[in-house]
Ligand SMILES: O=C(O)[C@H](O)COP(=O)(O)O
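Before any questions on binding or motion, here is one chain by itself as structure tokens, the form predicted on its own.
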């Protein structure tokens, strides 16, 4: 099956960040498709049980990490986590759906095919960067696909502090060695970028590369609508939204949420379905509510993580630009505090 073949590619390494330094678990390892027999208990995730167990497991794994281009530190212990949460009780989470891709423009099913942005997509990414230019960013997560990575990089060219996003390469020992930075001053002006296949777009199986209108004419509008918008019905040899949510939310709770607990501001540049999955978790949406969720390309969505809760500042449904702008304007008014956050 195409889905099985896709999920048998090599696994991107997993990263942990805290106190402005990086701890990374490296190495190549196979990964497997999460079968439909495995159900991600969203209710359990909301209560924090799953997240806590995974976070504890991450601490054990991080002890075997090796040095990368950024200084290595251990994942915080429970005590250290408590201290950090007292010091940094608020963090920003920025979600950006990539700009228009060349297959979006052609009305083709894209899924996990790796295609770049169009000129319009480039402009959308740059505009997204302007909208978040006053929000400090400590770490960036993207999918393994170029359209999400282009969006993140282009957005950061508009950032006020002009820090350089550096993609971490951990495919091999040589890749890690060759990408090292030997200047501490330069490291301070860099933002680590972690790429993860778990944040990839939903794999559309045998629909990938097909024209959407022609596919609807061939199989019927109702069938294609079910493949595209139902929660648990996958296209032929592809992923359902439920299957996409299993991997995306699990990665978010294990790797990204701990950075927010550390007080780090995180940006995620990803895709419509992987971000819908994460928003389902953040906003506690039901499976029926999430299938009607529409995300605009290149439109930042801002969440504030405070006291263990996610507070949405920009609406993901018909995005409320004022919600994002109001918060960035307020940040700009506290420039001195903002500068301290940048230097931390």
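Numbering follows the first chain given and starts at 1. Because the structure is predicted, anything quoted here is derived from the model rather than measured.
There is another form of this protein, the form predicted together with the ligand, and it is not shown here; the text below is about that form.
Student: Name the stretch, out of 96-104, 165-173, 253-261, 183-191, where some heavy atom lies within 4.5 Å of the ligand in the predicted complex.
Tutor: Within 4.5 Å of the partner lies stretch 96-104.
Student: Decide yes or no: are 204, 212 and 273 jointly within 4.5 Å of the ligand in the predicted complex, with each residue judged by its heavy atoms?
Tutor: Checked in the predicted complex: all three residues contact the ligand.
Student: Decide whether residue 218 counts as a contact residue for the ligand in the predicted complex under a heavy atom distance cut-off of 4.5 Å.
Tutor: Looking in the predicted complex, residue contacts with the ligand do not include residue 218, since no heavy atom lies within 4.5 Å.
Student: Quick one: does residue 197 come within 4.5 Å of the ligand in the predicted complex, counting heavy atoms only?
Tutor: So residue 197 does not count as contacting the ligand.
Student: Though only this chain appears here, would residue 153 touch the ligand in the predicted complex if you measure heavy atom gaps against 4.5 Å?
Tutor: No, no contact at 4.5 Å.
Student: Would you classify residue 119 as touching the ligand in the predicted complex, given a 4.5 Å non-hydrogen atom cut-off?
Tutor: Close contact is absent here: in the predicted complex, residue 119 is far from the ligand, nothing within 4.5 Å, heavy atoms only.
Student: Looking at 240, 149, 110, 138, which is the one with a non-hydrogen atom within 4.5 Å of the ligand in the predicted complex?
Tutor: Filtering the options by heavy-atom distance leaves 110.
Student: Considering non-hydrogen atoms and a 4.5 Å limit, which listed residue (247, 228, 131, 159) is close to the ligand in the predicted complex?
Tutor: Result of the distance check: 228.
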